[in-house]
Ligand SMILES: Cc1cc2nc3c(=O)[nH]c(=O)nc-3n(C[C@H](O)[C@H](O)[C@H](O)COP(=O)(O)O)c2cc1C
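In structure tokens, the next block holds one chain alone, the form predicted on its own.
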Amino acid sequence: MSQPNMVIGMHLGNGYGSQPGAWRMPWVDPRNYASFDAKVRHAQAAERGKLHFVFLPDGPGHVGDIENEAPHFNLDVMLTLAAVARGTGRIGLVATGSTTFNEPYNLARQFKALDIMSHGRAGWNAVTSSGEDVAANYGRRLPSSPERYGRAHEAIQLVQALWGSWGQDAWVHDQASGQFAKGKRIAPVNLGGKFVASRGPLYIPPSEQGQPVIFHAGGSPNALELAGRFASVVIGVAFTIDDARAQRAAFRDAAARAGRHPDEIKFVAGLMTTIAGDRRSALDRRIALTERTFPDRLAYLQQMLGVRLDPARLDQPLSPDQLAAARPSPRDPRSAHALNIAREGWSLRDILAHGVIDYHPVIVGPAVEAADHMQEWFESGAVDGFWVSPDIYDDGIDAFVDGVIPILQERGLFHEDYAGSTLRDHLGVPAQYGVDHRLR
């Protein structure tokens, strides 16, 4: 049997990159936040590398440090992917859509229309909202976790029922006979539960893949059960191989409990990249991008290591006494890695530039280091793949595509070309139309 290939997706956020200073780099157009053309270019770069999908997270509420940074998310994920769909031909298009503050009928219509527009390349990252700032934008308070996930279970089932309410063979469009569709094959769903309901039907025919692929991003026990029932891909957060392996096993077990085969769910971990010719060049690039945040990050690094760190000594490494006293915080899984970097003798500035406080593992250095990291995690059974967040989209995607992808291909870990034309083809996801009747 041939060796399985890892799944790789690309994160596309605000048009600049994963790092706060990306918008200020001289080769970056500072207007990219409002440029759909920029998003199309970035997706085209990812498609050139044969990546499986681009992933657009969403959080309609969090603005952040608007005085100094762009918001983290796109203007609108669906409009963005509509533009990307017209500018690409193969890469999958995945966006977040919250089940907490969106009605299932709207979600069903938007994502299936995107699936039609892209000829079967759409994926829905079905999640619950978790911030009071988001709830406030809808004039509501955030529901409890059981309520959010109870609604999510109902909403996903209802969306899938609506997707299947237009029969697969219903669209005739026969000009000679005058029959547009088989009316009896387009029927209301008439489904309702405690939280959501819809009469239906949805007036959109199936796409080339039938209906969008379900993704999920979350790691709580409630998220585990939701993903186990519905998701084909889980977007995860893990900082060690052991943690990733445990998470992957838990999601696979959840799928089996729901009546699905464990291989039907793929665990894809986050990875942030700054690819350069050597470690020093990559660190200098990260410093240019993030140095403004170092005072706050140094304070947090101090908590992670359990020793006092002097802001006036950013260009000095930890002293032997500090290294002897340092202990990784048991409350932060990033701490052990931060201490290992410190023990290599890097200055405080360089330790922070290694991304030890970022929200995913970070590769800062040559492309081979990213490939080695990905290979180790993949071959250890910790992940089925990665979703990659480059530091700066304008050249960071190209650096990954031109540097890392060829190494993975040479090692037989990543495909040379797409397996088909749809997202289900790319991911090896089984065909499904409407609800999954196997679910327990």
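Sequential numbering from 1, following the sequence displayed. This one's a predicted model, so the numbers in the text were calculated from it and none came from an experiment.
There is another form of this protein, the form predicted together with the ligand, and it is not shown here; the text below is about that form.
- Heavy atoms of no residue among L12, S35 and D398 are located within 4.5 Å of the ligand in the predicted complex.
- This chain lacks the partner; the member of T80, S335, T96, Q209 within 4.5 angstroms of the ligand in the predicted complex by a non-hydrogen atom is T96.
- Of the residues given (N137, N340, S130, N190), S130 alone sits with a heavy atom within 4.5 Å of the ligand in the predicted complex.
- Although the partner is absent here, Q168 sits far enough away that none of its heavy atoms falls within 4.5 Å of the ligand in the predicted complex.
- Interface membership of P57, defined by any non-hydrogen atom within 4.5 Å of the ligand in the predicted complex, is confirmed.
- In the predicted complex, the ligand lies farther than 4.5 Å from every heavy atom of R252.
- The shortest heavy atom separation between V237 and the ligand in the predicted complex is within 4.5 Å.
- Comment: 144-152 is the region of 86-94, 157-165, 144-152, 345-353 lying near the ligand in the predicted complex, near meaning a non-hydrogen atom within 4.5 Å.
- Contacts of stretch 201-220 with the ligand in the predicted complex, defined by any heavy atom lying within 4.5 Å, are made by A217, G218, G219, S220, listed in sequence order.
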